[in-house]
Structure formats: C-alpha cells, structure tokens
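Two forms of the same protein chain are encoded below as structure tokens; each is given separately, as structure 1 and structure 2.
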Structure 1
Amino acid sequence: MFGVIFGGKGNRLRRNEAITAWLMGAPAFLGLFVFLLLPFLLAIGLSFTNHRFISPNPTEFVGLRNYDRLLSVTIVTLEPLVDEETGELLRDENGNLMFPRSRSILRTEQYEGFGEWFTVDAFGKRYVIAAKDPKFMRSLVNNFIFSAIVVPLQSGLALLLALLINQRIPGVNVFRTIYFSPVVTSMVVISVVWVFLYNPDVGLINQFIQAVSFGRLGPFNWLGSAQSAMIAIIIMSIWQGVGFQMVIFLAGLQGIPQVLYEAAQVDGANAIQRFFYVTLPQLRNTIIFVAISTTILAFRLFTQVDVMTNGGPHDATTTVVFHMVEMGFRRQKIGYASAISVVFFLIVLAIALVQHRVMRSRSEV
C-alpha cells in the first residue's frame, strides 16, 4: 500500500518536474521556432516559387527551376582554330594555341542560360566549365578557400594565445581583455577601420611596409586587386575572431586536472611532451567544437565583404551569403534567394557532420 502511494507520488513529482521543465523552456523553444525553424520552412516553400517582393505579377509555382539554375554545370570542349589555307593550327604572339570565343558557343540554343565559369587548357583543347549561375559557383569556391585558410590558422592562433594567457603572471587579465575586445566590437566598425588601414595612399599598413622595407615594397592596393582582396579580408577576419576561440580554449585548459601534469612531470615528460600527450588529448572535445563552430562562422562571411569590397573586384571576394542577400533584397528575387539559402544550409550541414565524424574517429584512434 505504501509502495503504491509513494510510487504514485513519485510519478506525480516526475510529471510535475517535466511540466515545469517544458514551461521554463517554452520561451526558448518558441523563439527557436519563430526565428529559426519557421523562416527555414518558409524558405523551403518559397524556393519552389518565383516570388518577388515588389511585382505586379502573382507568385507562381516553378518547381525545381530555381535549383536547376543554381546547380546546373556543363563542360564545353573547344577545338583549336585552324588556318583554312595551310591547315596549320593558329597561334597567338606568345605561341599559344588560339581557340574560338566561348561566348559564341554559349550563346547557341544548346547552352542557353549558361555563362562561363572558368576555362582549362589541356591536351591541345580548351575546356570551358559553364554554369547557369557562375557567380554562385565562384561564391562557393571563395567560401571554401576562406574556410580552408581561416579555420586552421585562427584555431591554432587561438590555442597559442590561450596557452599564453593561461599562465599565472601579473597583468594577464589585461591581455585577455585586449585579445577579446575585437570580438565584442561591431564588425561594421572594424571593417570600416580596416578599410582605412588598407588604404593604398595613407593606410597605416602600407606605410609600415614601406618604412620597414626602406621604400622598396608598396604601396599595395589590398582591396582593389583580385589577387590580394581575399587575403586582406582573411587577415582581418582572423584578427577579429581569434579572441572568441581563445576564450573557449582557455576554458578547456582550465578544466584539465592539474594532477595529470604533475604525474607527467614525475614521469620525466618535458613541456612539449606534456602538451602533446596531456593537453591535446584533454582538449579533444574542445577542439572539435572550435573547429565546427569556426567553420560555420567562416561560411557565414558577409559583413566584411559587404563593407570592404562589395564582392569585388571581379567577384574575387563574393560569398554565398553575399550573393543570397544581393539576389533576395537588392534584386528582389526572393524565390531564387530562398533556393540559395536551402542549398547553402545543406552544404554547411554536410561539412559540419563530416568534420565531426572525421575528428571523432581520429581522436579515438
């Protein structure tokens, strides 16, 4: 009898705790649904339409047309030009083979809607890789290049800074504040400041390079050159975001039991050995979190590009998010921009899952 009573009370208590937990979490769940899940579901629905913000025409269902335009890629093979009289291959002043213009081929009915993405010369032929949205493809490549450089460099630098400020030395809190302050500063403000720093005429960076090299180097047009614009944004982004990963690594370092270091030191391990055999294994989960979060943040690159280069020069710094905003808000093509957001979400999700699995499997070996 007592068991039944207490059992009933226990069930009621657990049920009341569950109800209380759901009620306490309801505001957060509601916010996630309204601001994340619902917009994403709406984006999926709009991606199958030709919806525009301002248009006299009603919204129509277009099926997979937006996705077809976004993802269609083809290869056009061009044969070298031949002299009609001699039958010899035509060459330019530098001795390179001459080919017909790709535009003349892509304007035909067979390749309607395609534009040149890039070309490759191999085996005496020219291969033109064309896409229906070459800018999206360039944006995706720029995102991958940016992430491939920023994620390892920023994470490695953040770990180094965390190791330095984890030391018990006077004034270490000042350095922590200095390193973290760019993270809490508006990205727009930082981008504007760095535009002045990169200025080819009066920018501090160019003046420093000229002073160090005694006028032999510079000035460089950092943001005006297709070769250096992305590098300039990468440098600024690493400087701005390294403090965030530094704080996460610092929390992980402070959670490592000191007894492990003492045991390793008793066994005769030096500082480098303690780092590789104690610190890194204990930071396994932290490293996985930092790598995945940094990758996601890197793929969200937008503000720096919008303020500093506006996607140029020649689309050298355009990104998927920048292209999506441009198509959706500046050109009012909401349906097509929604398709970009859905594809981009799936790409980032796949990368994060693969990255998590690979890092997990390596850490378990």
Structure 2
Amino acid sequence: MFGVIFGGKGNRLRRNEAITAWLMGAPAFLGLFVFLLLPFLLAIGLSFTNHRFISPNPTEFVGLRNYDRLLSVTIVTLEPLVDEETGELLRDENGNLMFPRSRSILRTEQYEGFGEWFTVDAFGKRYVIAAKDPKFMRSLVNNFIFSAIVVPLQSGLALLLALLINQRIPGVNVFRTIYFSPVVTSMVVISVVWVFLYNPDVGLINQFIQAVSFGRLGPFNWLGSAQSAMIAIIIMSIWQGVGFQMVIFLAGLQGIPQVLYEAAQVDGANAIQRFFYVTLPQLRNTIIFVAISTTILAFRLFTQVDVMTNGGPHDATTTVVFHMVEMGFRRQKIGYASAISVVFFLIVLAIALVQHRVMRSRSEV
C-alpha cells in the first residue's frame, strides 16, 4: 500500500520534473531549432531548387542542377596550330607553340556552360581545365592554399609563443597580454588599418622592407597583384589570430605534470629532448584541437577578403564563403548559394571527422 502511494507520488514528481525541464529548456531549444537546425535543413532542401529572393517566377525543383553547375569540371585538349601551306607547327616570336583560343572551343555546344579555369601546356598540347563555375573552383583552391599555409604556420608560431611566455620571469604577463591583444580587435578595423600598412607608395610595411634591404627589395604592390594578395591576407590573418592559439597552447603546457620533466632531467635529457619526448606527446590532443579549429576557421575566411580585396585581383583572393555571399546575397540566387552552403558544410564535416579519426587511432597506440 505504501508502495502504491509512494509510486504515485514519485510519478507525479517525475512528471513535474519533466515539465519543468521542458519549460526551462524551451527558449534555447526553440531558438536552436528555428535559427540553426531549420536553416540547416532548408539549405539542403533549397539547394535542389532555383529559389531567388525577388523573382517573378515561382520556385521550381531543379534536381541536382545546382550541384552540377557548382562541381562540373572537364578537360579540353587543344592541338597546336599548323601552318596550312607548309604543314609545320606555328610558333610565336618566343618559339612557343601556338594554340587556338580556348574560348572558341568552349563556345561550342558540347561544352555549353563551361568556362576556362586554368590551362596546362604539356607534351606539345594544351590542356584547358574548364569548369561550369570556375570562380567557385578558384575559391575552393584559395581556401585550401590559405589553410595549407596558415594552419601549420599559425599553430607552430602559437606553440613557440606559448613556450616563450611559459617561463617564470618578471613581466611575462605583460607580453602575453600584448600578443593576445589583436584577438580582441575587430577584424574589420584590422583589415582597414592593414590596407594602409600594405599601401605600395606610403605603407609602413614597404617602407620597412626597403629600409632593411637598403632599397634593394620592394616596393611591393601587396594587395594589388594577384601573386601577393593572398600572401598579404595570410600574413595579416596569422598576426591577428595567433594569440588565440597561443593561449590554448599555454593552458596545455601548464597542464603537463612537472614530475615528467623532473624524471626526464634525472634520465639526463637535455632541453631539446625534453621538448620532443615530454612536451610534444603530452600536448598531442591540444595540437590536434588547435590544428582542426584553425583549419575550420581558415575555411570560414570572409571578412578580410570582403574589406581588403573584394575577392580580387583576378579572383586571387575569392573564397567559398565570399562566393556564397556573392551568389546568394548580391545576386539573390538563394538556391545556388544553398548548394554552396551544403558543400561548405561537408568540407568542414570531413575535416572534423578526420580529426576524430586521428585522435582515436593515436590514443589506441
């Protein structure tokens, strides 16, 4: 009998607890649903349509057309031009083989919708790599280049900075604060100031390079040339972000038990050996975390590009997110931009899954 009463009371208490839980969680759960999960699902749905923001035509289901446009790549082989009378290969004044214009081939029906991405000359022929959205392909490559340089460089520098300020010497906290300060400065402000610093005529960076090289180097047209614009954005981005990873490494370093260093010292390990046999293995998870979060951050590159170069010159600094905003916002092609969003998400997911794999397989060893 007591059991029945207790059971009844317990059930009621439990039901009350469940109601309270849902009430307390409701604002957050609702917010996450409407502003995160729903848009995420919508991105997938919209990517199969031709929805536009303002359009007189109704939205239609277009199947995989957006993905086809986004990802189609083809190779066109061009034969060198031949002199019709002599039958010899035509050469320009530098002795290079001459080829028909790629545009005339890409105009034909067979390659409808394709545009030149880049060309490769090899084995006496010219290969034109064409894509239906060459700008997206360039964006993708730019993102990979950016992260291939930024991730190892920024993580490595962050670790060096962390080692430097992880010493018990007076004033070290002042330096930590200084190295971290760009992280709290708005990226728009930093981008604007660095446009000035990179100025080819009066910018401080060119002035400095010319001063230390006694005028032999520079001035460089940092943001104005396709060769250096991405490098300029990379240098600035590392400068801005390295303090963040430094602090994460610092926390990792301070979590290493001091006993390990003492034991290594007893065994006669010198400073370099202690770094490679104690510090690095102990920091493994921190290193993987930093590398992956930096990679994902690198793929989100947008603000610097939008403020400093607008994707140019000649698409040298366009990125996936920048292209997505161009298409979805400035050209109002919501359906197409949603397809870019989905591809972007899949790339980020792939990076995260690789991280998971690496962490697990290493810890099993």
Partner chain sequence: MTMTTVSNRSGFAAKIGRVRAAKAIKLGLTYAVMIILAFIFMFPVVFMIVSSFKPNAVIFEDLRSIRAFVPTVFSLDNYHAVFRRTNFGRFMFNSIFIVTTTVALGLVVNSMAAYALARLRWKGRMLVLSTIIALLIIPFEAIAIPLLFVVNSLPWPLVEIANGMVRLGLEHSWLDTYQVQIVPFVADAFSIFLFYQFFLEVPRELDEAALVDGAGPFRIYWNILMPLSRPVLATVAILQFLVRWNDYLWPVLVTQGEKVRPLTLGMAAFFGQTPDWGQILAFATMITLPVLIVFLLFQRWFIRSVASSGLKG
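Counting starts at 1 and follows the sequence of structure 1. Take the two forms, superpose them, and find the largest set of C-alpha atoms that agree within 1.5 Å; that set is the rigid core. Bear in mind the structure is a predicted one, so any value in this text is a computation, not a measurement.
**Q** Just one of these is the form predicted alone; is it 1 or 2?
**A** Between the two, the form predicted alone is shown as structure 1, not structure 2.
**Q** I want to check T108: does it shift between structure 1 and structure 2 by 2 Å or more at the Cα, with the core superposed?
**A** Superposed on the core, T108 moves its C-alpha less than 2 Å between structure 1 and structure 2.
**Q** Verify the C-alpha shift of T177 between structure 1 and structure 2: is it 2 Å or more after superposing the core?
**A** The answer is no, as the C-alpha of T177 shifts between structure 1 and structure 2 by less than 2 Å after core alignment.
**Q** Aligning on the core only, does the CA of R168 end up 2 angstroms or more away between structure 1 and structure 2?
**A** R168 C-alpha, core-superposed: shift of less than 2 Å.
**Q** Core overlaid, A21 C-alpha shift between structure 1 and structure 2, how many Å?
**A** Once the two forms are fitted on their core, the shift reads 7.8 Å.
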